[in-house]
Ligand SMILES: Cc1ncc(COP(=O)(O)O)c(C=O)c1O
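A single chain, nothing else alongside it, follows as structure tokens in the form predicted alone.
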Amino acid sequence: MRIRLNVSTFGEEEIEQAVEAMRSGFVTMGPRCEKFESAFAAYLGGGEAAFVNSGSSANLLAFFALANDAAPKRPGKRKFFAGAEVIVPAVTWSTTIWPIIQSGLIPVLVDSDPRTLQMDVEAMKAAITRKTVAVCPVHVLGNTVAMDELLAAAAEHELWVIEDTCEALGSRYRGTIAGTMGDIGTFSFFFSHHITTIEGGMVTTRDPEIAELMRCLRAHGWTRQLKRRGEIEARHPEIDPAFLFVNTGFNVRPTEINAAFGLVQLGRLDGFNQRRKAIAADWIGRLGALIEDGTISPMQPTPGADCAWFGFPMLCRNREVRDALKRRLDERGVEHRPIICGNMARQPALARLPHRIAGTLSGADAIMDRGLLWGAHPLMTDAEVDYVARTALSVGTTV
């Protein structure tokens, strides 16, 4: 067999809706995008959502909005300033960190727990200084950070919380959907993620002023897509409202084609995630012998987390076991990957960019040096799940 990391989860309905959008002649951001934003916010249980062209762009808007001079002042929240610090886990994707730097802030990398793969909350608390203004928990590979402890520390120190949920759409922590517990949540709809809009992402918040600011930054600093555009335009009667710019901004807008996909895929999300959970549970049961003797250690759900498994990540006993497992997977046609970027502090790009490392990153090093994952996408057949399990079990005869 050839077991791919991911396959296309879209079908004829998504294609038909995309074609309908194209035939309408209205393909740039419009009513379908607004409908998808409303549906997504409803799925999360309320608040406001701004659809963008990627999860990376969602992170970009989140940090640029809070660092913007037009950001609303909130009691119990520190003010952002040039050179202020944002705490992030060392195990994350690059575009969690780049927008922090791009918005004039300093990322502070803290360790990750090699069992859960999530930010070590104790390390996060130890990294807080007078310069810290925010913390960015990243819900890695369908698991969640221990948010009750993190939120308590953030409240004590008046920190903003930006939840990067790009790898964990539909995961829950103590019954609450990941991405809805902080001040801002970010999500990704890339091809391989929990749902796909081909490319796409969403940034969400329950603060209407922050939502409006992010909508402004999403499209050039323009007023055109703002909910309060009439009120703003009335203050500038000398300028044609068709081209009124009130802030800096980007062009990170999605298309109606992306939204057409998203509206169909969102209805399938819970079913997709149930299948992901069932596959992971099957493998944990089937690979019990390798787990019990410590040959491999699959990601452990954070206590209180209901995981929407994004792949099947694990740490091996040592590098030799990891390399032997990789060879066996390659021989048998099972695609695999490292656990995202590993320890970002070891990536060469970061060496020439401003950042701070707080404490040791031994957990992140272990994840980078001994970790790997293979796919657990919702369209895997029972035969494919069995094939992967038998392939992994066979490594026991070589190590």
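In this text, residue numbers run from 1 along the sequence as written. Fair warning: this is a prediction, and the values are worked out from it, not measured in the lab.
Only in words, not in the display: the form predicted together with the ligand, which the text now covers.
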Seminar exercise, completed: Of the candidate stretches 301 to 309, 284 to 292, 240 to 248, 90 to 98, the one with residues having heavy atoms within 4.5 Å of the ligand in the predicted complex is 90 to 98
For this session: Indicate whether the ligand has at least one heavy atom within 4.5 Å of a heavy atom of residue 134 in the predicted complex.
Result: no
For this session: Decide whether residue 273 counts as a contact residue for the ligand in the predicted complex under a heavy atom distance cut-off of 4.5 Å.
Result: no
Problem set entry | Proximity of residue 68 to the ligand in the predicted complex, heavy atoms at 4.5 Å | no
For this session: Could you confirm whether residue 167 comes within 4.5 Å of the ligand in the predicted complex, counting heavy atoms only?
Result: yes
For this session: Name the single residue among 188, 223, 118, 171 that comes within 4.5 Å of the ligand in the predicted complex, judging by heavy atoms.
Result: 188
For this session: Could you work out which of 328, 277, 322, 193 is the residue within 4.5 angstroms of the ligand in the predicted complex, going by heavy atoms?
Result: 193
Exercise. If you check in the predicted complex, do 150, 179 and 205 all have a non-hydrogen atom within 4.5 Å of the ligand?
Worked result: no
Exercise. If you look in the predicted complex, which residues in 34 to 56 sit within 4.5 Å of the ligand (heavy atoms)?
Worked result: 54, 55, 56
